[in-house]
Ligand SMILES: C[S@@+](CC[C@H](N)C(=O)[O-])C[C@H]1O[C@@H](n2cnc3c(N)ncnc32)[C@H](O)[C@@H]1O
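Only one chain comes next, encoded as structure tokens, the form predicted alone.
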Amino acid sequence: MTERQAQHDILVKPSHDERARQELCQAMRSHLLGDVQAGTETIFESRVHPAFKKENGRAMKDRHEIRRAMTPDPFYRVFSASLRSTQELMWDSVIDTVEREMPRLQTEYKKLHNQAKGTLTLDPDLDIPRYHAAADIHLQPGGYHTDLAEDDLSAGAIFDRALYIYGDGKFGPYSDAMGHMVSGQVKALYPDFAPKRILDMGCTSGNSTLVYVDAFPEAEVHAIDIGAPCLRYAHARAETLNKTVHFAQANAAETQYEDESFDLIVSHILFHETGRSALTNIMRECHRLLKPGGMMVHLDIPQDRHCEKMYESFLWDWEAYNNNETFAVVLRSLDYEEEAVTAGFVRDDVSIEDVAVGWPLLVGKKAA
């Protein structure tokens, strides 16, 4: 059984009925992604794939053929529709709490901001990239960037609570497991590495960001995101948890930081929520921002080549086709190492490492 979500002053506090709805969504996701999803593979092996072989005289060759064959299957359609509906219900259940709690959250935000040790820099003129403006990623209404009022922090508050439900608590009570994965791998690979300045790209509500404050206590930690309401929330969350972080609203593909101003740049499942040209530009920006000998370390979802079975790879595409993460389909076939080399990193200084969950970790060290 997973731990309950860690409580703090800026986290929303559901009422009895609101919590019941949220826990129902959490239980439904767990059930669908457990026994029901396993049942879709049984259907594939026993019914869909044999029918394909009979009609085409060969086995399926990739995840795309599996998707085309599975989509019409009634069992898979019920699974997929149920998972999509549960995702939408999850947002609805959390939004009710956030709307009720917003006056308290804004009061807490102002109090924390006025006594902050960290900083928050917003850019009202920032152009929101099309891959965020055109669709609500994860189906979160309004996405990460939509301001609904002055000093709005609703998107961050919604995301923080929903992330815990979405992950069934498996990201930990602070939903910071990915930060621990990345920072732990950095320390394991480079035990003598002591970064003085760290940048977290695409921090959202700052869950993973705060890990670096403790992992590298001598470092100055910075974090960026495109969403102002997420950054206000992340800033307040960091302050109430007594972590000093410097948050700024910026596009990871083109920041305003000076050349060679960071020793370590990290991200946690950022790439698949961007776009084809943005990915190239983000890696180029990492190369520009890193000091000689500095490192970029990016964690993202498994690529096609990291999946043991084609069916597993097909399942990873569900989010792309049903949860507004469309770039993931393309990203999962790209060569991360070559992308890094194109951005300026030396091939021998680029590697793919595996973390505990089997996800790929791109490590790129800038030549000294």
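These figures come from a predicted structure and were not determined experimentally. For every residue, the number given is its place in the sequence shown, counted from 1.
If you look for the form predicted in complex with the ligand, you will not find it shown, but the lines that follow are about it.
Peer 1: Does H268 reach the ligand in the predicted bound form, with heavy atoms at most 4.5 Å apart?
Peer 2: Contact with the ligand, yes.
Peer 1: Is I282 one of the residues lying within 4.5 Å of the ligand in the predicted bound form, judged by heavy atom distances?
Peer 2: I282 belongs to the contact set for the ligand.
Peer 1: At 4.5 Å between heavy atoms, is P195 in contact with the ligand in the predicted bound form?
Peer 2: No, P195 is distant from the partner.
Peer 1: Indicate whether Y144 is a 4.5 Å heavy atom neighbour of the ligand in the predicted bound form.
Peer 2: Flag for Y144 set to yes.
Peer 1: Using a 4.5 Å heavy atom cut-off, which stretch among 183-191, 92-100, 221-229, 106-114 contacts the ligand in the predicted bound form?
Peer 2: Careful reading of the contacts points to 221-229.
Peer 1: Do heavy atoms from each of T204, N207 and A250 fall within 4.5 Å of the ligand in the predicted bound form?
Peer 2: Heavy-atom distance to the ligand in the predicted bound form: all three under 4.5 Å.
Peer 1: With the ligand left out of view, which of L83, L122, L163, A215 would have a heavy atom within 4.5 Å of it in the predicted bound form?
Peer 2: Here the answer is residue option L163.
Peer 1: Quick one: of H246, K243, H132, K291, which gets a non-hydrogen atom within 4.5 angstroms of the ligand in the predicted bound form?
Peer 2: Of the candidates H246, K243, H132, K291, H132 is the one lying within 4.5 Å of the ligand in the predicted bound form.
Peer 1: For the stretch 147-184, return the residues whose heavy atoms include at least one within 4.5 Å of the ligand in the predicted bound form, in the order they occur.
Peer 2: The stretch touches the partner through F159, L163, M178.
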